[in-house]
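What follows is a single chain, given as structure tokens, in the form predicted on its own.
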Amino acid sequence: MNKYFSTKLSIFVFTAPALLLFTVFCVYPLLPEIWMSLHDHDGFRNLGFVGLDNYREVLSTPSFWTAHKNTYLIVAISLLLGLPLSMMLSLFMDVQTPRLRRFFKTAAMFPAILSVTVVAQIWLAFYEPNWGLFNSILHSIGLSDWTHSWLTEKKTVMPSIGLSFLWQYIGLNAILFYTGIKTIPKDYYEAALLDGASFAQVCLKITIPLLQNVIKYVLILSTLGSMAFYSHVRVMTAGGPGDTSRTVIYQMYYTAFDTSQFGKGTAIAVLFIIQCLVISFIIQRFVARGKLEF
């Protein structure tokens, strides 16, 4: 039986439905986008073939690079700040009593199930310069000089939006890490306790190494999710002030729908897809490559 299922024909037969669905719903829709990116198109009419001119013009636009800087800032916040915090929250949940653990799991999931619009409106209230939560706290503790108009100043707008994004999804990542922790056999922890290992040593020597596949999954999810960052920007600042808070996806939307330059908009989309594929390949190639068995 194993010999039958391990043949190339059997593998092809079983994977063919998934490959067909992937081709129909993921690969095929890209072809019209690539075609449109090579034409001058206003969304309704094809105004002629322009070759790679759309790509040249997009790459020479300062807003395109500003959008990339903002996008990768969000990715950095998500990976360098969000993932470590999520891991610590998951470790914290693991050592709680069942009742407290249920509370923290519910609290962690709550922001993730909220609509982005609701989350954005909550944080808009926090950032309101006259009566918002942050400036009110700073005024009350005598740090009035630290108050800002958080969403209209160039130096604070992207970190402020990034913080709202981080808050919404940090709990979801913690739940994913916690689910991975529960799959680790208890024997490892019992042996470590008998050897006198501290909590930090158990985390560094057992938990985190055995979570490498989960970490890889969350890394890909967080990276690509952060790169597709759009809705918070749309609701909170509409890309402003000026083009200061535009991300790549917002720049693509703005170019295609606000200026009716669909050829350039799809060129941005194609470049964005290439970046996502390259980053996914790098993570798949270099992160958690070893086969893990326990």
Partner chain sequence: MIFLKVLSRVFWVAVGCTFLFPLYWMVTMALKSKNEAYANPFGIPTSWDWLNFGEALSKYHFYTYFQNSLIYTAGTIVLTLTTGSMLAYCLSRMQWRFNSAALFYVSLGLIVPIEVVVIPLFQLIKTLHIKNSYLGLILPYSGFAIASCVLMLYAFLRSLPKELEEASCIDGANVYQTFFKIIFPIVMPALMTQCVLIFIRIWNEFPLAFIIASKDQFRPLTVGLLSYFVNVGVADWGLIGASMLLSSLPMIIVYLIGNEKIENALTAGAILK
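What you are looking at is a predicted structure, and each value in this text was computed from that prediction instead of being measured. Residue numbers count along the first chain shown, from 1. Each form is matched to the other, and the largest set of C-alpha atoms that superpose within 1.5 Å is called the rigid core.
We do not show the form predicted in complex with its partner chain, though everything after this point is about it.
Stretch 258-266 is the contacting one of 239-247, 258-266, 52-60, 66-74, since its residues have non-hydrogen atoms within 4.5 Å of its partner chain in the model of the complex. Between the options 107, 80, 141, 193, the residue in contact with its partner chain in the model of the complex by a heavy atom within 4.5 angstroms is 107. At least one heavy atom of residue 234 is located within 4.5 Å of its partner chain in the model of the complex. At the 4.5 Å threshold, heavy atoms of residue 189 stay clear of its partner chain in the model of the complex, well away from it. Proximity of residue 151 to its partner chain in the model of the complex: non-hydrogen atoms within 4.5 Å are absent; the residue sits far from the partner.
Put simply, residue 40 is far from its partner chain in the model of the complex: not one heavy atom of it is within 4.5 Å.
Residues 24, 25, 26, 27, 28, 29, 30, 32, 33, 36, 41, 43, 44 are the ones in 24-44 with at least one heavy atom within 4.5 Å of its partner chain in the model of the complex, listed in sequence order. Shown in the overlay between the shown form and the other one, fitted on the rigid core, is a CA shift at residue 13 of 2 Å or greater.
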